[in-house]
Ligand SMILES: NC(=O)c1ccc[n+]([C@@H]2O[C@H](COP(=O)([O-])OP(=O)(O)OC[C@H]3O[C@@H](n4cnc5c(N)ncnc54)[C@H](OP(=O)(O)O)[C@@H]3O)[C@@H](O)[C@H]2O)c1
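Given as structure tokens, the chain that follows is alone and in the form predicted on its own.
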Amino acid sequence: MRKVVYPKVGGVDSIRIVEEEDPVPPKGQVCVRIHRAGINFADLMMRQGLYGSNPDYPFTPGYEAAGEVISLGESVEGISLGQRVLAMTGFGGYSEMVCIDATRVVPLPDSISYDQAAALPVTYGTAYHMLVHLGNLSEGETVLIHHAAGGVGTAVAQICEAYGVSKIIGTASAPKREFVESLGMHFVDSKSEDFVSICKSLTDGKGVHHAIDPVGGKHLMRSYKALRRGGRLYSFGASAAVKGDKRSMVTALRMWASTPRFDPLKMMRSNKAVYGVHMGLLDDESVFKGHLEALSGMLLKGQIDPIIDSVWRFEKVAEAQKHMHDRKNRGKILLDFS
């Protein structure tokens, strides 16, 4: 089989595709033949050595994948050969085959495609965890989302619509205006407009109920200021640390140095909350499984439907990641291992 490997910290030109023997699942595991794997911004940060929670190099990235079970380890029950599954790999999803614990695969109904399945866990799981699980998203509320045209941004838009949110404010670059507006969001140009003042003006001066920030650094405090009293800020990324496809320690250090220190007393007086979200480090797997069950139900009901920007053959993984580095994607980017 072949798989993608990060041999060391580097740019997209450092990515390698290696060949090794097909894996054999040990006791309690299954081997999945991968058809689709999702690309996430975290994968790019890991390659640059900026993520902080990846395995030692060399390693194969990939949180999520979809495919079919091709072999079973001893003592595996409830899963059959040939069964279509979603595989929550944690790492290793960028591969033609992967062996994982049987508890980390979820059977797929025939009505859910491999594209939909591979696009669901990280982006929709993150959006659902923030807004619904932590934020108790309610009808009539207002939401601010940055990088609104990306995977999480498009997931937020669909979940908000399903929950009857009154207004979604999405920031993105000017070329993505039409796409963002087509998702029902009020577009804000991330380069030329002040999203804080716009959020205030669209909410009678109060601010939004929820602000979702994958940028980090000083940008976090601006998102915090866009909240109303009692609002919630969710920090789930640090794209401000990444400039281009090669690591820039100056950019990363500037982001860390400008990250705000929130004053608990001021937070108390405004009743605002700040959540840090990293789904890869969520200890209680049952919580995430509950999210997946809820999202699968929404998918089957037609309440959500992952927007796929593009599907790239895995041999072109460097080009696919460069596409994300250049902020060109509108929705989810997938790798094709079929």
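In case it trips you up, residue 1 is the first one in the sequence shown, and so on. Since the structure is predicted, the reported quantities are computational estimates derived from the model, not experimental observations.
What follows is about the form predicted together with the ligand, which we do not show.
Option touching the ligand, based on a heavy atom within 4.5 Å in the model of the complex, out of Leu86, Val152, Leu227, Leu137: For this set of options, the contacting one is Val152.
Proximity to the ligand in the model of the complex, single hit among Ala238, Ile159, Val208, Ile168 (heavy atom within 4.5 Å): Answer to the contact question: Ala238.
Candidate site His147, Ser173 and Lys176: all three near the ligand in the model of the complex by heavy atom within 4.5 Å: Affirmative, all three are within 4.5 Å.
Residue contact check: Asn40 to the ligand in the model of the complex, 4.5 Å heavy atom: Heavy-atom contact with the ligand at 4.5 Å: present for Asn40.
4.5 Å heavy atom contact, His278 to the ligand in the model of the complex: Yes, His278 is a contact residue.
The ligand contact at Gly73 in the model of the complex, heavy atom, 4.5 Å: No.
Partner proximity in the model of the complex: Arg327 to the ligand, non-hydrogen atom cutoff 4.5 Å: Contact check for Arg327: yes, within 4.5 Å of the ligand in the model of the complex.
Region of this chain that lies against the ligand in the model of the complex, out of 110 to 118, 123 to 131, 258 to 266, 78 to 86 [heavy atom, 4.5 Å]: Only one stretch qualifies here: 123 to 131.
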